[in-house]
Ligand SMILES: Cc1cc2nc3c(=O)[nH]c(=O)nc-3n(C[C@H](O)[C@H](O)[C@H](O)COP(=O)(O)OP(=O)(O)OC[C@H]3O[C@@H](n4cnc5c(N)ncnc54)[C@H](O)[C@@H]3O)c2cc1C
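Below, in structure tokens: the form predicted alone, a single chain.
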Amino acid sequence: MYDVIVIGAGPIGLYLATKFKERGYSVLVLEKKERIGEKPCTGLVSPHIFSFVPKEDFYIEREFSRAIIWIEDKPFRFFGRAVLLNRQRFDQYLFEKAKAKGVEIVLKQSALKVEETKDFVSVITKDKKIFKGKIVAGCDGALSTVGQQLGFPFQKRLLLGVITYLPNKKLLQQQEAPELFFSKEFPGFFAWQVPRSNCIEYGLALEVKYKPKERLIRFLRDKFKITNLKDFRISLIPFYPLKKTIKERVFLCGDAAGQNKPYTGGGLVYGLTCAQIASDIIDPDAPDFEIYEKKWRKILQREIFFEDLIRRCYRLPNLIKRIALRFLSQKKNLDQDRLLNSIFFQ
């Protein structure tokens, strides 16, 4: 019997597990994949990330002080600090830290069934192994097995993110900032170009019905004359929280709960915020998840609501978007994780 079982060894699950272990609880992490850090993710975050982890050159590729947003062929420049993580190294860093703290991590163990009882939760894997915990944290992504097994609200607001990479040193030297591209060809979201340490990353996120991979290929061909890219990586991106993220002895955290920024799809800082809250206040011996639910919503819900309004504006006519961006471009220190405060209260 473990005090805490965490399903999913992504950054949110590993951080959550480490924090519970630091409080003296026995913690088990189950991960379906064979290796850590395989999820495709740009990893462009605000410096708020260092509220949770020490700043290490090992997992940082670049740092930026500005970004460029295109409305069709019209650019707007924005100023604000951002950090580009190497997600594989970042996840590996959290993995090693969790192991050093004594967290038990089992790879290649996919949760098949999750059963909640009055006193504990059973997790049955595909290998027919049974693990029992006083509480279970579902940190297993947008299509959470934990969520599906226990009847949490279905994650309806999903985007399909598609990413590819171009190793072009000459072009890389010319790129000094991330660029976002809004177009009628990208209904409801955007494409991006990010200069990494050794390549250029191109990506696009849209609802599945809009066939984002095909649109990204067409965008690269028409905009940049790039036609030889073949390695495309995909992932599902939730962009709004579930209406409920708790049961009696089970709670969801990170992508599984939809704790992401609606206007970018980024979830690292928000997910880590919720993991910190959970590990601070939840007692596995007498779990009261209502406190967790109320506290994370109190801290994040206002920002998320405002960011969702911005995302809805992506479909407005270009003229209106340009007027809004002209106003925003006058702000000196936009904070992508505290956007509401940085726009109106800085």
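So that there is no doubt, residue numbering starts at 1 and follows the sequence shown. Remember, it's a predicted structure, so these values are computed and weren't measured experimentally.
Keep in mind that the form predicted in complex with the named molecule is missing from the display, and what follows is about it.
### Task
Could you confirm whether Ile7 comes within 4.5 Å of the named molecule in the model of the complex, counting heavy atoms only?
Residue-level check for Ile7: yes, a contact with the named molecule.
### Message
So in the model of the complex, is the named molecule close enough to Leu216 to count as touching (4.5 Å, heavy atoms)?
### Response
Result no; Leu216 lies far from the named molecule in the model of the complex.
### Query
With a 4.5 Å heavy atom cut-off, would you call Ile69 a contact of the named molecule in the model of the complex?
Contact with the named molecule, no.
### Task
Would you check, heavy atoms only and a 4.5 Å threshold, whether Pro40 touches the named molecule in the model of the complex?
Looking in the model of the complex, residue contacts with the named molecule include Pro40, since a heavy atom lies within 4.5 Å.
### Task
Would you point out which of 231-239, 180-188, 73-81, 129-137 contains residues with a non-hydrogen atom within 4.5 Å of the named molecule in the model of the complex?
Residues of 231-239 come within 4.5 Å of the partner.
#### Entry: Single option in Gly267, Pro212, Pro262, Pro195 placed near the named molecule in the model of the complex, where near means a heavy atom within 4.5 Å
That would be Gly267.
### Task
Only one of Thr145, Gln276, Asn86, Gln92 comes within 4.5 Å of the named molecule in the model of the complex by heavy atoms, so just point that one out.
When the named molecule is considered in the model of the complex, the option within 4.5 Å is Thr145.
### Task
Quick one: name the residues from 91-116 with any non-hydrogen atom within 4.5 angstroms of the named molecule in the model of the complex.
Counting only heavy atoms within 4.5 Å of the named molecule in the model of the complex, the contacting residues of 91-116 are Gln109, Ser110, Ala111.
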